[in-house]
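In structure tokens, the next block holds one chain alone, the form predicted alone.
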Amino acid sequence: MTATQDLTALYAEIQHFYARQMQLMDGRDFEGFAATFTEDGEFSHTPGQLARTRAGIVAELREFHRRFAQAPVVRRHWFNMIVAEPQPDGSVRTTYYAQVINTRPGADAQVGPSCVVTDVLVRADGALLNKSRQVRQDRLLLAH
């Protein structure tokens, strides 16, 4: 296999990983989502909040989603424009755009936050896992 073929295969694997991961999130399977992180993984999706460990990620997501209890919403996360950069230590740094679409009963879909996300992916037993994820919302980047 050539370097280009290796990168192409890795890119496809990353896209599949993200598709599976975000379907877990959108289905509110927070334990399943957290299991896509390393045990000591870090997840920062809300400004000023950093969840550490799988248990911490689950707790943060449950707390975050409580706001939707009185106003039900279906949330869909869309990832695109993924740049995957293999690192010397074997990890892969990815940077990509994320868009959240919110749909409420009887209403048209609304575009939620537009974000830039940076992940560090690692392998464990041959499978990809998130070591860290940092989400930066565009609306907050513009405030500086």
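Sequential numbering from 1, following the sequence displayed. Predicted, not measured: the structure shown is a model, and the values here were computed from it.
We do not show the form predicted in complex with another copy of the chain, though everything after this point is about it.
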Q: Have a look at D40, E31, E63, E85 for me and say which one sits with a heavy atom within 4.5 Å of another copy of the chain in the predicted complex.
A: E85
(Q) Quick check on L128: any heavy atom within 4.5 Å of another copy of the chain in the predicted complex? (A) no
**Q.** Interface membership of R52, another copy of the chain in the predicted complex, 4.5 Å heavy atom rule
**A.** no
Q.
Against another copy of the chain in the predicted complex, would R104 count as a contact residue? Criterion: heavy atoms within 4.5 Å.
A. yes
Q | Distance check, A59 to another copy of the chain in the predicted complex, heavy atom within 4.5 Å | A | no
Q) Which of the residues spanning 67-93 lie within 4.5 Å of another copy of the chain in the predicted complex, based on heavy atoms? A) P72, V73, V74, R76, H77, W78, F79, N80, M81, I82, V83, A84, E85
